[in-house]
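As structure tokens, one chain now follows by itself in the form predicted alone.
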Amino acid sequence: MLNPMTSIELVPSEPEPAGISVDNVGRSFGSVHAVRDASFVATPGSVTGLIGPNGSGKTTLMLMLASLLQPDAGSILVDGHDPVTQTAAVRARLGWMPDVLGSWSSLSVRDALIFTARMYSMDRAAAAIRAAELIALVDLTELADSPTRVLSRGQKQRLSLARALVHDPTVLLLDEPASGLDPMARAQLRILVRRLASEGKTFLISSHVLSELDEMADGAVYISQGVTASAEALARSRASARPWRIRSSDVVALRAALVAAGIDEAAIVTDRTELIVALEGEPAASALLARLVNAGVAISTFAPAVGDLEHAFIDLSSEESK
């Protein structure tokens, strides 16, 4: 795309700080090592998923990032600032949406947001304007002047997201943000997160709804037993075999073509009107699809049976259990 007419001397510049930088972080509670050795980087303009089994250390890690817990070892930077020694600077730049955030039951949605904005030193007029913007953004207009105690679980999640955004942070930590949301609200959440990321914000999102996270995230950090997976382990996971769903109007012809293409018939799984086969990587999938089409098989569906994050989760969890 670049077509320079003249040579330009590039002057080295200081790299911009990562949105989140975690380096060999550990945190214990007595004899319980919640986080043993966590390291990763999340860059501005990106959405990073945080995935792992229950009890893997995800919540403890997020609490340290949010400056609510102090690490025993290692270092953390949030937008270039240390949550331990520069707590106020981190909190000014960070939006934190925990899995469950209590609300003031007697306050209206609007007043809850105004009160939150005031805690970030906004004057009353600016706080009221910001509250109105966020109420519209998270689609709570009809409930703006209702007490928060009448909100459903999903509506409280939307209010929690609005509170995290109230001071226009550069880094956002979202813990199970889609919990309780209906399909339309989940779709709106995906669109909003991607839009805010495109504006340069850094997102770290922890979720067990991996299919949902797959549609939002640019990459992922896998943590288990308090340790983040290495880049090498993640690369092996991406390259490992995963199931692919294939559908055809003629299942008999499809099965025969798969066998002719070298797929072990015993390894072909039938799932209603689809056949499932394990393939190692997209090049193998592309080659198989080409062979099926060339063989005259009418293919209506050819896609991974699980998303990238679910595949990584299953593959890395299985590797640990061996």
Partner chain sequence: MSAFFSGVGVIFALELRQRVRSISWYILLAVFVGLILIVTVLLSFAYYGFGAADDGGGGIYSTIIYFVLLLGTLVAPALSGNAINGDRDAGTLATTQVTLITTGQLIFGKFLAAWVTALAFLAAAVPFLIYATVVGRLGIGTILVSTLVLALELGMVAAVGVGLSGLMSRPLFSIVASYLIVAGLSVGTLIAFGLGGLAVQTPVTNTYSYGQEYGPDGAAITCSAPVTSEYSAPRFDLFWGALVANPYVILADAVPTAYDQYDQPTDLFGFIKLSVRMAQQAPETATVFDECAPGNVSTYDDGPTARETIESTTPGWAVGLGIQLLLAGGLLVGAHSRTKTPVAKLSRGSRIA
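What you see is a predicted model; the values in this text were computed from it and never measured. Positions refer to the first chain, counted from 1.
The protein also exists as the form predicted in complex with the partner chain; that form is not presented, and the subsequent description refers to it.
Position in contact with the partner chain when the complex is considered in the predicted bound form, options Ala278, Val41, Val297, Leu69, heavy atoms within 4.5 Å: By the 4.5 Å criterion, the partner-contacting residue is Leu69.
Residue among Trp244, Phe203, Tyr222, Trp96 with a heavy atom within 4.5 Å of the partner chain in the predicted bound form: Checking each option against the partner chain in the predicted bound form, the one that comes within 4.5 Å is Trp96.
Segment assignment from 111-119, 181-189, 213-221, 194-202: heavy atom within 4.5 Å of the partner chain in the predicted bound form: This holds for exactly one stretch, 111-119.
Non-hydrogen atom within 4.5 angstroms of the partner chain in the predicted bound form for each of Val84, Ala88 and Arg163: Looking in the predicted bound form, the three residues Val84, Ala88 and Arg163 all sit within 4.5 Å of the partner chain (heavy atoms).
Contact flag, Ala144 vs the partner chain in the predicted bound form, heavy atom cut 4.5 Å: The answer is no: Ala144 has no heavy atom within 4.5 Å of the partner chain.
The partner chain contact in the predicted bound form: Val100, any heavy atom under 4.5 Å: Contact with the partner chain, yes.
Close approach of Val251 to the partner chain in the predicted bound form, 4.5 Å, heavy atom: Output for Val251 is no: heavy atoms all beyond 4.5 Å of the partner chain.
Contact of Ser106 with the partner chain in the predicted bound form (heavy atom, 4.5 Å): Because a heavy atom of Ser106 falls inside 4.5 Å of the partner chain in the predicted bound form, the answer is yes.
Within 4.5 Å of the partner chain in the predicted bound form: residues from 25-50 (heavy atom criterion): Arg27, Phe29 sit within 4.5 Å of the partner.
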